[in-house]
Ligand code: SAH
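Okay, so here's just one chain, in structure tokens, the form predicted alone.
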Amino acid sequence: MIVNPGIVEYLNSLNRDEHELLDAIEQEARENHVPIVKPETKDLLKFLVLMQKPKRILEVGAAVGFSALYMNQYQDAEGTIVTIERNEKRIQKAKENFKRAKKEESITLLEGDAVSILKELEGTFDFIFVDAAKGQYIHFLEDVLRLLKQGGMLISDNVLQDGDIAKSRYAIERRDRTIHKRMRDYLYTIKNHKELETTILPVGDGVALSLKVGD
């Protein structure tokens, strides 16, 4: 936890239930320990989608489809989402959830390794949400920037690793040091990239917001 738990609990208590089916999908995912967005991150996503009004969203890391369904709810009627997932069990559940929500026309699920799929994608997206394996973010970045339109927004979730990101690598368990280093490299890159303006917020497990501003 990177913010006082009491503050987080209070702020989350202010949120209202908004959609019966999405609330059920969210509750089911949390009960089954599926790694979906934290409530406070979900609230931030809602605000950003309403503010940016993206017509095309790309999501890297679908899990069971909750965040794609949630973001699509706040897009305009013609808004679409392309989301990527490699875990077979989660792919099947995501498909079920998209069908339950009657969003199969709005949300396209691409199955497989995100690094490979991103290289094959064409066109541009207004809004890209990265919420996948943290050690892969740095490997996604080149294609994510290629696919993000000028003025578009990149949202990177879970970037503070429960606060561990601020620790020396020698304070991190050996098995986690590669992920720790890659995430530090990622954060340094997006904070110093000539095409991006980035701010990092201590929301959920850390969210980086990057606006593509050009050279």
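Predicted, not measured: the structure shown is a model, and the values here were computed from it. Note that residue numbering begins at 1 and tracks the sequence as displayed.
The same protein also has a form predicted together with the named molecule, omitted here; what follows describes it.
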(request) Name the single residue among M183, L148, I190, A63 that comes within 4.5 Å of the named molecule in the predicted complex, judging by heavy atoms. (result) A63
(request) Heavy atoms, 4.5 Å, the named molecule in the predicted complex: which of 28-36, 172-180, 148-156, 48-56 makes the cut? Say which one. (result) 28-36
(message) At 4.5 Å by heavy atoms, is each residue in D43, Q73 and N97 next to the named molecule in the predicted complex?
(response) no
(request) Could you confirm whether I84 comes within 4.5 Å of the named molecule in the predicted complex, counting heavy atoms only? (result) yes
(message) Whether F125 contacts the named molecule in the predicted complex should be assessed with a 4.5 Å heavy atom distance threshold; does it?
(response) no
(message) When the contact criterion is heavy atoms within 4.5 Å, does R90 count as touching the named molecule in the predicted complex?
(response) yes
(message) Given that the named molecule is not shown alongside this chain, does L121 nevertheless sit within 4.5 Å of it in the predicted complex, heavy atom to heavy atom?
(response) no
(request) Scan 128-162 and write down, in order along the chain, each residue with a heavy atom lying within 4.5 Å of the named molecule in the predicted complex. (result) F129, D131, A132, A133, Q136, F140
